[in-house]
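Read the single chain below, which is given as structure tokens and is the form predicted alone.
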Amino acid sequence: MNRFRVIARSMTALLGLGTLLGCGLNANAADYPNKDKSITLIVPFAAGGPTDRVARDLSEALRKSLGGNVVVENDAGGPGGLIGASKLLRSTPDGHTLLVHHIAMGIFPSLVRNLPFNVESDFEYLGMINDVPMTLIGKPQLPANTYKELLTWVAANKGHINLANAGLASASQLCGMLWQASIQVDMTSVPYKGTAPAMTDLIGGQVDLMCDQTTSTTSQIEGKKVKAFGVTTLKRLNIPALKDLATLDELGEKGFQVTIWHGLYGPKGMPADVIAKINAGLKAALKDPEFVKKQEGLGAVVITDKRSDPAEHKKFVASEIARWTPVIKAANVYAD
């Protein structure tokens, strides 16, 4: 009988401990964000690039909607920002370390042979942020001023054209690959560690062309530091600096369409109520007039549809994986 009393007491103690732990978890979720901890947004690319710009604008809006301090941390490196994405998965899943990433999440599975994570199962999907058009731009020294003149120059300089991009699996590389396929001309790819250094060399004339997001090209086009030849949407953009820039589709590259999207992610294992709170904060941030104005000024379209929901965000990324896999395989581009 004594033995059974001991067992009963032990079970009661364990149940009590479980209740205390449960209360602790609920308290942590209810108190999110912790007033003593900042929320860190990992950007897997160099400072000054388009994803960094999106994250910094978003951080300001999230400060208001979540009521905590939000900081941006740049962890560049690896194909498609692989280092920053991997770092997120080593963080504590308490909602204080998040990741802002772009279309690379949709191409990791087909591009990286030894991918250290599963895109669809190792992340918590928190909602999409925006869609960003892209622009085809050239160095200011190019003799071409129109798209027709650019094609003539390309034809005359085959084998001697450098096409810059922000690195393997970057948005600019994908856009450049599709454009080369569209005009059926191979160019020398020049990868950089982010858009900012690539843009510096393009302005300086060290490389010839680049296709990149409006978040990083609009101000350069407006300041006439680069030449703009077309946008990658099917409709012209409704922003002052680019409103007269024709689409590549209307310039003859029929059906050419590339937009770069950004989403918010957390490490697997975050409490459901923390995920819900972050998603609510994100949705509020996406409606913040100042954030919307900044994004629209760069040509980005803030998400207002169901993709701002975690489940729909995840479903969309799965569709992008299916879309880009044959493109990557056809280009025979891989990273180990």
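All values reported here derive from a predicted model rather than from experimental measurement. When you see a residue number, it is the position in the sequence shown, counting from 1.
As for the form predicted together with a small molecule, it is not shown, yet the points below apply to it.
Of the heavy atoms in residue 194, some are within 4.5 Å of the small molecule in the predicted bound form.
Contact check for residue 130: every heavy atom lies farther than 4.5 Å from the small molecule in the predicted bound form. Contact annotation: residue 135 falls outside 4.5 Å of the small molecule in the predicted bound form, judged by heavy atom distances. Using a 4.5 angstroms limit between non-hydrogen atoms, residue 232 is distant from the small molecule in the predicted bound form. The stretch among 46 to 54, 304 to 312, 31 to 39, 272 to 280 whose residues place heavy atoms within 4.5 Å of the small molecule in the predicted bound form is 46 to 54. Only one of the listed residues (166, 248, 126, 209) places a non-hydrogen atom within 4.5 angstroms of the small molecule in the predicted bound form, and that residue is 166.
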